[in-house]
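Given next, in structure tokens, is a single chain: the form predicted alone.
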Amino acid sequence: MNIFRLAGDMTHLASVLVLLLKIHTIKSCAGVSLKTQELYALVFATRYLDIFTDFISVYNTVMKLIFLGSSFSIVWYIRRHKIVRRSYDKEQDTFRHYFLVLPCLLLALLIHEKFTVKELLWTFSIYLEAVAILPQLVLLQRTRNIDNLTGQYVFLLGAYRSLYILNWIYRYFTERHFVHWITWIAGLVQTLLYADFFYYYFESWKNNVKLQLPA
């Protein structure tokens, strides 16, 4: 554990709390992509299977439970909650997210560190997380007007990944034999996907105007 990883974890946690706050308090999921949330639920379900077999620490277990519970709760809210589901914009959230799942699975079968079921699922989750934000970014470009909480949610997600890159750099220089090319490359791809959003987010903050993405 180091300050960059802790900051990354807390930022990731904050992103989830912001989204749950928006959905639970306002009873609205406007601007939120169900497709992205389903992909994140799949990411955590396949990555945290070791919660039943490997104990690392109380902190690690609690964080896994939080992300598993929150991701499936968000999907349930959007799909099943009698009020929240009315605000879901199905006509705009049309990204065919299942087209992302198969390539990530095939890539995990081809490029992995160990050929075991748990390792393959973990690698699949790394690849899928790198692109899971795409439906959300496409939805924001289509709707253009982005409310503050949705904008903060996406910003915090991008910040979490950026902080994790700093964590990897720190560990590379402070720990012997710390080399994880799969995680590094997937994380870099994921961070680059946020680049355009970050630019317009900071522009809106600097000019004190409502955040809008170009169509």
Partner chain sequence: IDQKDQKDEL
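The structure presented is a predicted model; accordingly, all values stated were derived computationally and were not measured. Numbering follows the first chain given and starts at 1.
This next part talks about the form predicted together with its partner chain, which is not shown.
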> Just one stretch in 150-158, 29-37, 163-171, 186-194 has heavy atoms within 4.5 Å of its partner chain in the model of the complex, so which one is it?
Replying inline: 163-171
> Within 4.5 Å of its partner chain in the model of the complex, do Y48, F55 and N60 each have at least one heavy atom?
Replying inline: yes
>> My question is simply whether F124 lines the interface with its partner chain in the model of the complex - judged by any non-hydrogen atom within 4.5 Å.
In response: no
>> Would you classify K114 as touching its partner chain in the model of the complex, given a 4.5 Å non-hydrogen atom cut-off?
In response: yes
>> Given that its partner chain is not shown alongside this chain, does D89 nevertheless sit within 4.5 Å of it in the model of the complex, heavy atom to heavy atom?
In response: no
>> Considering non-hydrogen atoms and a 4.5 Å limit, does its partner chain approach R5 in the model of the complex?
In response: yes
>> Pick out the residues of 62-99 whose heavy atoms come within 4.5 Å of its partner chain in the model of the complex.
In response: M63, K64, F67
